[in-house]
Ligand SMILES: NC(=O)c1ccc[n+]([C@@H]2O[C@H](COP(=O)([O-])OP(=O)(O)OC[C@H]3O[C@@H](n4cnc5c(N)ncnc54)[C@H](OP(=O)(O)O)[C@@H]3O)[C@@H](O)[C@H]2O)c1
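Just the one chain here, laid out as structure tokens, in the form predicted on its own.
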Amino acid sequence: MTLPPLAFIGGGNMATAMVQGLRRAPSPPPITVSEPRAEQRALLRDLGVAVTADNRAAVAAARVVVLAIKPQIAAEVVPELATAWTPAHCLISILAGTTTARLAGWLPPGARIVRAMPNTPLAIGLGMVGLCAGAHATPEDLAVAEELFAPCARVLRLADEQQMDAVTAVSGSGPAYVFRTAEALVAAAEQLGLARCEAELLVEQTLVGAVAYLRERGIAQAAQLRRAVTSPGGTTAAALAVLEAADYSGLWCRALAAAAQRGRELAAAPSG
């Protein structure tokens, strides 16, 4: 698919990563990024895209508009976009906790909106993105959104927007869980007497290797792979017994439920 001209409203880390992925494509589309910070505009200009500080000008130059701002300022920014909106435009929003219905309330009637939830590994081409269609989005809009993320992520289409809270909890927030686990493992290794550099090397390569192995074998084999490493009465069994005694699976269920609930709370907050 040949992507139509794109505009990014907001030029932060996620937008920059997407621009970098798109620019690596064989035939990148025309891209305009609207960003208020002059220093960030300069960095984006160096990537070979047009930059501006005028959101309406960016919208006017595009057919697909990627909303990549902080959710807290959506009520200020999106109504401004409406003044340049036409029926030819499609909005792709990556705002956490912001429903397509809320966004539609700030845009002209019938505006076509696709909601997306990417995660930060998108910056290195290994992202995960959940997609769902707003009330007026077409199958073509979803196809465009999927093509937009394809250079830097795998994409999961969802039929029900309510599932986006679960996507946010699992993959949107998921990298932070891995990073926190790495922190904890390094600290625990230091408690066993390893030097910091030694602990970091052991933990980093263990995580990289385990994830690569899991991907090669398939995540459906996770339990089998765990059992293969866990000899009865051995060291791994001793460690896992401590985790299970602390209700390891239940802890993750509660953690993801808390993240999903926070997403619902953000979606229900006053529009401002």
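This is a predicted model, so every value here is computed, not measured. Numbers for residues come from their place in the sequence shown, where the first is 1.
Below, we turn to the form predicted in complex with this ligand, even though it does not appear here.
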| item | value |
| --- | --- |
| Contact segment among 64-72, 199-207, 233-241, 218-226, judged by heavy atoms lying within 4.5 Å of this ligand in the predicted complex | 64-72 |
| One residue of A166, A133, I94, V129 in contact with this ligand, assessed in the predicted complex (non-hydrogen atom, 4.5 angstroms) | I94 |
| Non-hydrogen atom contact R45 with this ligand in the predicted complex at 4.5 angstroms | no |
| Contact label in the predicted complex: N55 to this ligand, heavy atom within 4.5 Å | yes |
| In the predicted complex, A260 touching this ligand (heavy atom, 4.5 Å) | no |
| Touches this ligand in the predicted complex: G10 (any heavy atom, 4.5 Å) | yes |
| 4.5 Å heavy atom contact with this ligand in the predicted complex for all of V19, P30 and C90 | no |
| Stretch 151-174: residues contacting this ligand in the predicted complex, 4.5 Å heavy atom cut-off | G172 |
